[in-house]
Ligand code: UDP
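Presented as structure tokens, the chain that follows is alone, the form predicted alone.
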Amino acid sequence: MLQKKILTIVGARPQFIKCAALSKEIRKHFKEIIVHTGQHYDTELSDNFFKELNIPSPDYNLNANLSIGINQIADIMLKLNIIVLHEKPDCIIVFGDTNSTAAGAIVAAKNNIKLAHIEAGMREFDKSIPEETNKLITDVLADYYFCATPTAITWLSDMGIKAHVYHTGDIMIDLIESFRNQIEANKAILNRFQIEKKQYVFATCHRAANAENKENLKQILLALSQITIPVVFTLHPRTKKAIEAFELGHLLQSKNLIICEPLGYIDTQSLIMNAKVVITDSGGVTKECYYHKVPGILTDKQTEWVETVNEGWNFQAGPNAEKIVDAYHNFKTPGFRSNVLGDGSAAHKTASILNQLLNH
């Protein structure tokens, strides 16, 4: 029997991580075609992720990183449609909530191809957030829903979506478990920045709501500059450009700040695992610090990973310097973690379900 074909769409760091975990399981049952939309902001860093995580080389690269917003979605759709018509996949897989995700969902629907959404059902309930509209578009058009948390299943049910909804756990946890030995043994990154375990803060900021809002960005940078121990701050290109445009560069001059370029996967995980506290607006990092049992202070006004907040591992301060600094000084590490994100078997569960759905 001719092997059925799955087309997997990736375009940003969290999607590379999810693809790294899922691809080897998918290829046990299907022929996989990987399309890299090129949405990622740095081609060299993108290539390094593929090498570091042993992701099969993309079969196609759409180079859509020069456009933004609706133009980027349109660019991806037009280029992706040509590939879909040529490859004729039996199913398209999309991850999360990026422009690549929404574009892939629309192309799948318009070509009457089954769509599987990994990390389905997540909501922030604010349509002004680009990621939120991408989630809504994708879940309305999807055929198969793979959910990281029970809350996601509830939110889908509230929309009337109850068929082909599966609770698999979070696929990003699979990769942490796969690379755990390398992450724990990685001393080089601590030596590079001359920092000690649990004696520094790890920080990221990249969401448009913060990076493209002068007051929000100012508040976050003020908070980082007021923390007395070293703060390793990975500077996203979008944030770097905004700091220059808003003339906020003086807030990066504090002696406690260690500014660096975005790092590879293992270095990032090592810095999260060994940090005293993580300060972030990244949904991926929110989950990762929870799983590593490291307190997280969230600089976004809302989060879809509500369980991590409810259990006390993450605190939602928003882009407010006073609240961020106060949370840093007064954070009480909870004694309980339910491990709501799963046990590292999400990729196996997902591929097995797709095998049953498409091959049987």
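Predicted model only: the values in this text are computed from it and were never measured. Numbers follow the displayed sequence, beginning with 1.
Beyond the structure shown, there is the form predicted in complex with the named molecule, which is absent from this document and is the topic of what follows.
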item: Proximity to the named molecule in the predicted complex (heavy atom, within 4.5 Å), stretch among 110-118, 264-272, 157-165, 178-186; value: 264-272
item: Among the candidates Gly169, Pro89, Pro130, Gly284, the residue which, in the predicted complex, approaches the named molecule to within 4.5 Å (heavy atoms); value: Gly284
item: Candidate from Lys79, Arg123, His206, Lys276 lying within 4.5 Å of the named molecule in the predicted complex - any heavy atom; value: His206
item: Heavy atom of each of Thr149, Tyr290 and Gly312 within 4.5 Å of the named molecule in the predicted complex; value: no
item: Non-hydrogen atom contact Arg13 with the named molecule in the predicted complex at 4.5 angstroms; value: yes
item: Close approach of Ile17 to the named molecule in the predicted complex, 4.5 Å, heavy atom; value: yes
item: The named molecule contact at Ser225 in the predicted complex, heavy atom, 4.5 Å; value: no
item: Asn216, heavy atom within 4.5 angstroms of the named molecule in the predicted complex; value: no
item: Sequence-ordered list of residues in 232-246 near the named molecule in the predicted complex, where near means a heavy atom within 4.5 Å; value: Thr234
